[in-house]
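The chain below stands alone and is given as structure tokens, in the form predicted on its own.
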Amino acid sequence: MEMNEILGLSPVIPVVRLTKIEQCCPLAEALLAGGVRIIEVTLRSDIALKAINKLSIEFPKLIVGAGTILSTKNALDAVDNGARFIVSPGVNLDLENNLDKIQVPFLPGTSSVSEMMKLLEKGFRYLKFFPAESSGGIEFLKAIHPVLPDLKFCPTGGIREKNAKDWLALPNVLCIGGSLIAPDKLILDKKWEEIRNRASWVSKLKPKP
């Protein structure tokens, strides 16, 4: 599966932090029941890799990715545990020098025009815009579209339900990422029905043609 196909799976990619392995199954079931077939598990907990492995094996219909990739080791560990795609907040020299070792689609993060131009030179057409709201927001992406029309984005960071549609209406936005569907508190409180309802709402947002 290519990155454009991955970003086209859902208007919103749920970005989650899992702290207990028992959270995996009910969360996956809630997302799938709500029509969302993708999840990004951040490497911000001790059980993140185990969670990626469990989700990948037990829920083949769910496309599982790994987020907060800060190094080549992070990337390779995630892929070894079944991650189908990886996402970074930015690109450092370690990742830059080892791109050929990463055998799954990679969504690098960026928040500046210079970084975007460099990544485009390296062949990346799909980027994570992070942190989206505090890096210029919707107006920033509007402004750069005529200058860098070949780039498509998944903005993440600070996006809320009230302005999700505004982000998705941008011509250079394929989807958005964040905790709109499964925020930490709902996961910790085991509010699986609420997560399913949120996933159902998200899956009805008009996707890009």
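One-based numbering along the sequence shown. The shown structure was predicted, so the numbers you read here are calculated from the model rather than taken from an experiment.
Another form exists, predicted in complex with a small molecule; not displayed. Remarks below refer to it.
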### Message
Residue-level question: is Gly157 within 4.5 Å of the small molecule in the predicted complex, judged on heavy atoms?
### Response
yes
### Query
Does at least one non-hydrogen atom of Arg44 fall within 4.5 angstroms of the small molecule in the predicted complex?
yes
### Query
Could you tell me if Asn172 has a non-hydrogen atom within 4.5 Å of the small molecule in the predicted complex?
no
### Message
Using a 4.5 angstroms cut-off on non-hydrogen atoms, would Phe130 count as touching the small molecule in the predicted complex?
### Response
yes
### Message
Based on heavy atom distances of 4.5 Å or less, which listed stretch (178-186, 58-66, 162-170, 45-53) is in contact with the small molecule in the predicted complex?
### Response
178-186
